[in-house]
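Presented as structure tokens, the chain that follows is alone, the form predicted on its own.
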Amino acid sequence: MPKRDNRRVVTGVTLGVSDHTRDCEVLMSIPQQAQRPASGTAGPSPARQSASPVPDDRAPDAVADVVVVGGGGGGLPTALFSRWLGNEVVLLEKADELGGTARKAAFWYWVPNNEPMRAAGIVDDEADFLRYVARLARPTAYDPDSPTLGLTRWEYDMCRAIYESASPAAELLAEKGALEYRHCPDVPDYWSEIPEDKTPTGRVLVPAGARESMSDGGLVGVASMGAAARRDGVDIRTGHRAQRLVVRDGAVVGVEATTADGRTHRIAARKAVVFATGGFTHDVDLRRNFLHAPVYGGCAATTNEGDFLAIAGPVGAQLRNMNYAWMCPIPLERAVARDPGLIGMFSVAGDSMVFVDKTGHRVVNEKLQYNELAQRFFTYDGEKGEYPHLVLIQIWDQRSQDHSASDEYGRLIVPPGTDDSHVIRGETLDELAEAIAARLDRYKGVTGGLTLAPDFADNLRRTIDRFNAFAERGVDEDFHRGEKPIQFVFNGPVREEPDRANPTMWPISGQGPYYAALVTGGTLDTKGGPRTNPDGQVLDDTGAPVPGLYGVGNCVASASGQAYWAGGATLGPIIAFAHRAAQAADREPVREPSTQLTTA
């Protein structure tokens, strides 16, 4: 039988000025009205219990070769790869549905030296790839003459594993019909302009069935992988919260999970337990004590509460990269409300639009890629002892409201008929300033009493005048908006204007009405946790693998350090490590349960 070709190529992403509207559609997120959990699917998860391991002293309720904990962008491919190696696989998902944070993503996956690149003759050498990722992961340590480029040996080996395994993993998923893809040859890396990026485009794949805007890629990818898992015999159990490990003679031989009915289920693993449970975005205590920034939360699945940190700790797992996260701007009000439908602002909409601080001044390039834009919120003022930019205010006019409104990608300029409760309005700039002040007053209990400066409105007028002068010339002398390729990708829909030099900018109107929204920085998810080796084995405090215990995705430490290399630089490496972990778990010695399976 001839091999199926489940790949397609997309050539419609062109970064020329005239094509900016189409370019901006290549992002990561889903329409806001589709983000709310479906009715009846979002019940409360079982409460966290003690994570102390238990001995293998009673009969299990089920037995598999491999137990995968987590059914999102890391767990589903891990389960599939394990099943295709001939293993019996049980997948435990804490939520009532599969997908996790991946359901909210466009599901770009960043795959260096992928098959379409090779077929097109695009060179993506390993040495060049490693220089690019090392330069961004540890910029202060980067040394192009070092054997590890300034990275630790662990970081270097993990990055090599991404290059080695991402493409084979993607091809196997496509060949098996679990995640067919299309290639986006013109999508640039997030730092495509730096000299270390010798292959600045071509590494991005997306699910083949996603709409042209790619906004539903996560839904498509989760559905296709979930269907493949059921088709191929993965035992999927939703509503199961893993609580603790089952151990015997120093090896992990199973896991205990609880369900909403109060029952505890012991699942034995003959070979391995693989965790893919996401980060700790929604555990306030962990955020406050580990992250380098005072975030209010983020757009990860609400089940991402750092469960694996508690579970892996008692078996000696060492932690890495706990201070960093995949970050993005988020709407303050929805973050404070812990809205489960919250997604990040992957694209800041509008050309006649600015961000200003509490004094009415611009402080950032509004079109920066989302991870870098988010950093600006957490600048600390040592003289005043405060985070002066923790909440910024997006300001736009009727032009942007008419031509840049969108219900995709977390944009805050939304069309009529969608939830616009975050939008603040004023017929004049003075009225807008009064309305912003009133809205901020609602949140003074969580913002340290943030208020607008007395001269906010006057400063805002001067800020707009200065911005308008830049927009007329097409050159942002203050923050260089629209000077890098990726900023056109993130521009969002704007009104076409013939012959303008910079499609990211247009003068803000001198006449109202005006609009505003409160914005802060948040996480897509965290990226710290137990350290694993390149095969996904969790390492103890001596650096030795914990037998039978693996981790994949945001529940374990990322070697990316502070960097967000490109769109899909979360899911591409995750798929690579899912493939490697499944292969390594398959090689584990068989450890049969010490007692017989429980029978009904």
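Remember, predicted model here, so these are calculated numbers, not experimental data. Start at 1 with the first residue shown and count on from there.
Note that the form predicted in complex with another copy of the chain isn't included here; everything after this is about it.
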>> Counting any non-hydrogen atom inside 4.5 Å, which residue from Trp506, Phe490, Phe129, Tyr324 sits next to another copy of the chain in the predicted bound form?
In response: Tyr324
> Pick from Ala141, Val336, Leu440, Ile122: which has a non-hydrogen atom within 4.5 Å of another copy of the chain in the predicted bound form?
Replying inline: Ala141
>> For the interface check, one of 396-404, 152-160, 219-227, 345-353 should have non-hydrogen atoms within 4.5 Å of another copy of the chain in the predicted bound form; which one?
In response: 152-160
> Counting only non-hydrogen atoms and a 4.5 angstroms cut-off, does Ala457 reach another copy of the chain in the predicted bound form?
Replying inline: no
>> Quick check on Gly448: any heavy atom within 4.5 Å of another copy of the chain in the predicted bound form?
In response: yes
> Is Ala51 close to another copy of the chain in the predicted bound form, meaning a heavy atom pair under 4.5 Å apart or at it?
Replying inline: yes
> So in the predicted bound form, does Pro168 come within 4.5 Å of another copy of the chain, heavy atom to heavy atom?
Replying inline: no
>> Where, within 364-387, is there a heavy atom within 4.5 Å of another copy of the chain in the predicted bound form? Residue list please.
In response: Asn365, Leu368, Glu372, Gln375, Tyr380, Gly382, Glu383, Lys384, Gly385, Tyr387
